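Shown here is one chain on its own, the form predicted on its own, set out as structure tokens.
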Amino acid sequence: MDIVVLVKQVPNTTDVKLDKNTGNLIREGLESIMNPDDRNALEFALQIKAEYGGTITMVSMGPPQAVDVLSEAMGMGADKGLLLSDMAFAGADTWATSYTLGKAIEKIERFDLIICGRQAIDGDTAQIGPQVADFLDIPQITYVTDIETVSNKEVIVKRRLEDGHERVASQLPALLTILGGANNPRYPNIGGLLAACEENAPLAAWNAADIGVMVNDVGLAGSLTHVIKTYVPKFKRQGETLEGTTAEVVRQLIQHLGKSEGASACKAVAATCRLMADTKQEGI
């Protein structure tokens, strides 16, 4: 069983900042970690390898320091790591990122399963996995919470729905996206971490030429979406004091309710109902 796990290095914070000129995430000065959902994906890969044998190849796209997450993955039990790093890859949206990852996986050639986290905590798009599957023209199963069985031809998993779960089978090769919290990822072991730091460690770095892509098709140049402007919306609260008897105030609230929309309307309904219940007014 040959498994490819997609992993991303992300900032260890939810307080992310964007460059106002480019719209890109400002990563300088931020501690970086392995994306949490990707850790769950790797744990499932390690469990499959333990039961059925095979190899696990980690693939990550990012700057040179992203090799740290590949080393961590090897410390957890992955067999080898591949870093896609090139200035031409910078500023990629989900389309360009998926294209780059897909081209790298095509060069790897041998894979039965591709496993990745549902989404990354810095972008929260949940688009990379499905787009990679679409590029490679293979089946995909999203929101996976458990992998039941794997054979040479088929994988059976359980995926989460809004109102429950469903059991799904897919032929191989296939791509799975794993929900965060689906399992308990193991910690890296010291021996594995040290081995990943050795000169002959099975870690490779590929650039745009290595995977056979044109620089205009990747990174910012190859992105279909471009940020025009980023800003923090400013909210200004407005209030109005209603005067009169309780019955008159309730009637005014109901009039305002008729002019409200969305969340404001819901809050007005709640306020009106509470006031009517408290005052026990009838015939209003």
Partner chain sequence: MYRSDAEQLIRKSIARFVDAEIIPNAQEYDNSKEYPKEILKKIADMGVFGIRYPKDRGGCGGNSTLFCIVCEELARGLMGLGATVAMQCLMGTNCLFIYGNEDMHEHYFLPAMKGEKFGCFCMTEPEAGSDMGAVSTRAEKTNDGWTINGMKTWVTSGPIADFYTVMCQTNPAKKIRGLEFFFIPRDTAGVSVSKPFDTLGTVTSKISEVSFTNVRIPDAFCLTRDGQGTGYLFSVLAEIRCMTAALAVGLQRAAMDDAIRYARERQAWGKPIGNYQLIQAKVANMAVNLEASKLMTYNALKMVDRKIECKNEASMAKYFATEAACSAADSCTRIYGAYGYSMEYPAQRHFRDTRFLLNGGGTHEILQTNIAKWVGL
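Not measured: the values here are computed from a predicted model. Residue numbers count along the first chain shown, from 1.
Keep in mind the form predicted together with the partner chain is missing from the figure; the text below concerns it.
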Q.
Each of N40, K49 and E106 within 4.5 Å of the partner chain in the predicted complex, by any heavy atom, yes or no?
A. no
*Just to confirm, P188 within 4.5 Å of the partner chain in the predicted complex by heavy atoms?*
yes
Open item on the list: Considering non-hydrogen atoms and a 4.5 Å limit, does the partner chain approach T57 in the predicted complex?
Closed with: no
Notebook entry, point to check: So, in the predicted complex, is L203 in contact with the partner chain at a 4.5 angstroms heavy atom limit?
Noted result: yes
*Going by a heavy atom distance of 4.5 Å, is N183 a contact of the partner chain in the predicted complex?*
no
Across 68-88, the residues having a non-hydrogen atom within 4.5 Å of the partner chain in the predicted complex turn out to be D68, S71, E72, L83, S85
